[in-house]
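What follows is one chain in structure tokens, specifically the form predicted alone.
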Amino acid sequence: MSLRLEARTDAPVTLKLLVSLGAGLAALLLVAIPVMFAGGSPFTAYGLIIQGAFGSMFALSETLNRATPLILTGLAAAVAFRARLWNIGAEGQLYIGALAAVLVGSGLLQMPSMLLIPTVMIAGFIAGGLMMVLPALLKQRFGADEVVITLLLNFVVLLFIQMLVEGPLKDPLSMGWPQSVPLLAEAKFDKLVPRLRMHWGLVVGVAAAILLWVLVRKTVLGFEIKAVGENRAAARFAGIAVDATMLKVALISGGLAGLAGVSEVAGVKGYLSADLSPGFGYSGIVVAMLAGLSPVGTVFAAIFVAAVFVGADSMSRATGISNYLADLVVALSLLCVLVGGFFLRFRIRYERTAAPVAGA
């Protein structure tokens, strides 16, 4: 008997749901092992994580607040990966978007809130988009690897931001703390619920997911992105302007990551600092993969990842188990989803080999 992999032409919805459910259960079972080694009960730990993430209005607000930048960076990765443009630089694009928001919204322009907030968002989108267009151009012109360029640009941007917030952009009223001058009150996002940190950036993220879904499913550009991602040579042969499509994708991808920076500056902190993001750009890649590159699915995947991180902090305080467990849950979930995706693309066939004929 031998095993053979056979590519699936299409997977039914029921199979996709079963694989997703199985991947989630497998991740929970795998995480239970280190929890037991740490001396805790997996059921207690999972219960505390859920309670810490959704058990009160405050907990829900913190989860959604944490999910907001993850939605936008997840969308940035999803749209780029659909065209097989490997954007690993969402972290740097987030910071550049935040920088543009501070430059525009801290006193350069004086206008009412209803005009200043869209202006700040457009500035952040364009700045983040141009940050991704550069690697795309280098890839087209010189064949440079966009993975290496975008990854290294993250460190360049972060050092640049550190230089700015400790120098030209440093707030003289910050008591020596390395942070930029604050945004004007007219440039900040309002809170969705009084006395909670949840802000209008969440609405921006959900709206961006819906718009991106319409773009990839209902427009010519969406079809071109899919065609370029499936087979670039065939798309070019069919008359699609591949290079122009890639630049559009780069602008959209980097722009969405830039909006994540705007959201953090205008909705949470109110100023730019070198610790603005704990790695939202990198986590966005995980979110996009968990969502299967689906724009709408990215919203739910971002809430899941945010809930794990927020809930793990609460669980850690209650049980003493390290909150690094959250990283383990996310990593194992991604691993299980990738394995599940393999079985969605291929089916395993058992084949009986013919018995050798005596004397043949």
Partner chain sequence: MDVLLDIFGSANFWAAAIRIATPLIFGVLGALICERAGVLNLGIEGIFVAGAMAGWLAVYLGAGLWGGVLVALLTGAVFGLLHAVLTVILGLSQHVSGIGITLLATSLSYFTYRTALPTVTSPPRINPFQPINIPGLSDLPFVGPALFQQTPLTFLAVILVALVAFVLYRTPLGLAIRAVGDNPASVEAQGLSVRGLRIGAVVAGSALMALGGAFLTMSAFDAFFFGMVNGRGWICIALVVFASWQPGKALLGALLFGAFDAFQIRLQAEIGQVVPGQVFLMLPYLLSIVALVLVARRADYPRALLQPWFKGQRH
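Positions refer to the first chain, counted from 1. Given the structure is predicted, the values throughout are model-derived calculations rather than measurements.
The same protein has a further form, the form predicted together with its partner chain, not shown here; the description that follows concerns it.
- Not one of I96, E186 and V216 is positioned with any heavy atom within 4.5 Å of its partner chain in the model of the complex.
- Put simply, A45 is far from its partner chain in the model of the complex: not one heavy atom of it is within 4.5 Å.
- Residue contact with its partner chain in the model of the complex: L153 places a heavy atom within 4.5 Å of it.
- Of the heavy atoms in Y271, none are within 4.5 Å of its partner chain in the model of the complex.
- Shown alone here, T119 lies farther than 4.5 Å from its partner chain in the model of the complex, counting heavy atoms only.
- The stretch from 283 to 291, 246 to 254, 207 to 215, 71 to 79 that comes within 4.5 Å of its partner chain in the model of the complex, counting heavy atoms only, is 283 to 291.
- Proximity to its partner chain in the model of the complex, defined as a heavy atom within 4.5 Å, holds among G239, P194, G143, P172 only for G143.
- Exactly one listed residue, out of M57, V296, L29, A331, brings a non-hydrogen atom to within 4.5 Å of its partner chain in the model of the complex: A331.
- Residues of 157 to 180 lying near its partner chain in the model of the complex, listed in sequence order, are L159, F160, Q162, M163, E166, the criterion being any heavy atom within 4.5 Å.
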